[in-house]
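Next up: a single chain in structure tokens, the form predicted on its own.
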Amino acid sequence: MLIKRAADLRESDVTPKETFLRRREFLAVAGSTAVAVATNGLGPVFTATPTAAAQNPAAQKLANLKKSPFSTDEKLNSYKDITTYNNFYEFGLDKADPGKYAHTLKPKPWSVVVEGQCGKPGAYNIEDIMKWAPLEERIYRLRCVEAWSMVVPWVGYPLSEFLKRFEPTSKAKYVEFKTLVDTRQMPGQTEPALNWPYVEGLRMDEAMHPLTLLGLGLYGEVLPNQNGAPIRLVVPWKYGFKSIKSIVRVRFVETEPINTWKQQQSSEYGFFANVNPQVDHPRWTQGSERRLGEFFRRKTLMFNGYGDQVASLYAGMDLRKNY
């Protein structure tokens, strides 16, 4: 297998091409239609989306979940979709690799170090973090820069509830997050696909916004390894690469962090990464998307459909320049 180095790797180089996706959709529908014809039209063309009961029976269930008023009422993607089609380069460059190889990740014991411009820095274990606020289920859209999307029933609580415990000072203008680096647990880190560790950041007002979720589970269970166990971000109005996984370090800082994909290819990936269908990626359109499980493409919504809640954060900004 050809492995590209960080200097020349682009996100599109390691994800399915648009033409391939369309061809695969066509073949899937054609195959299903053939089955229906062979059974005199009695067979279903598409498999129905599984309910929340179709999950991992060995996973820890999360009880007493509140329903969030922030949730969309759109149809959920299946548990299989959500756990077998992932970007998580620490386990490989193919979408199926995390589901195959993330069993090497050990989400317990796990601690998160908090530091920087705050009054109460320290290291905190995941068991305590999960108890700091009531857990709730939030059904959010996920939009990835490669023009595919999902609807995911996340579990967690507002990131603001986590951050305010550390008493950030007036100098804390941004929050920086880092993923675990451990080649034994994350074998993809033996390859120089990216500069490890994976780094992301948010402006403080973005981090404290009530939509920004500290993700601790999905589908009523603790996070599967391939989805960022045991702790991740979910920032629903931004492209998926902003929602960093398997977090081990949080730092309050004065200046804008250099996030991984901006460092990787600054001409194509910026710090803000707000979903803006009016601004094309240099090599493909962002005006439409393919929802996993659907044949036809759909129009991409500004801020991924969360504009009423978050547009005010960017009042006066040039959203074409600040991509």
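Heads up: residue numbers just count along the shown sequence, starting at 1. Small disclaimer: the values here were computed from a predicted structure and weren't measured.
Just so it is clear, the following notes concern the form predicted together with a small molecule, a form of the same protein that is not shown.
Although the partner is absent here, Ala172 sits far enough away that none of its heavy atoms falls within 4.5 Å of the small molecule in the predicted complex.
Although the partner is absent here, Leu76 sits far enough away that none of its heavy atoms falls within 4.5 Å of the small molecule in the predicted complex.
In the predicted complex, the small molecule sits beyond 4.5 Å of every heavy atom of Trp237.
Residue contact check for Leu214: none of its heavy atoms lie within 4.5 Å of the small molecule in the predicted complex.
With the partner left out here, the small molecule still marks one of 115 to 123, 161 to 169, 225 to 233, 202 to 210 in the predicted complex; by a 4.5 Å heavy atom cut-off that stretch is 225 to 233.
Checked against the small molecule in the predicted complex, the candidates Cys144, Leu135, Val151, Ala193 yield a single residue with a heavy atom inside 4.5 Å, and that residue is Cys144. Residue in contact with the small molecule in the predicted complex (any heavy atom within 4.5 Å), chosen from Tyr101, Phe241, Tyr157, Trp110: Phe241.
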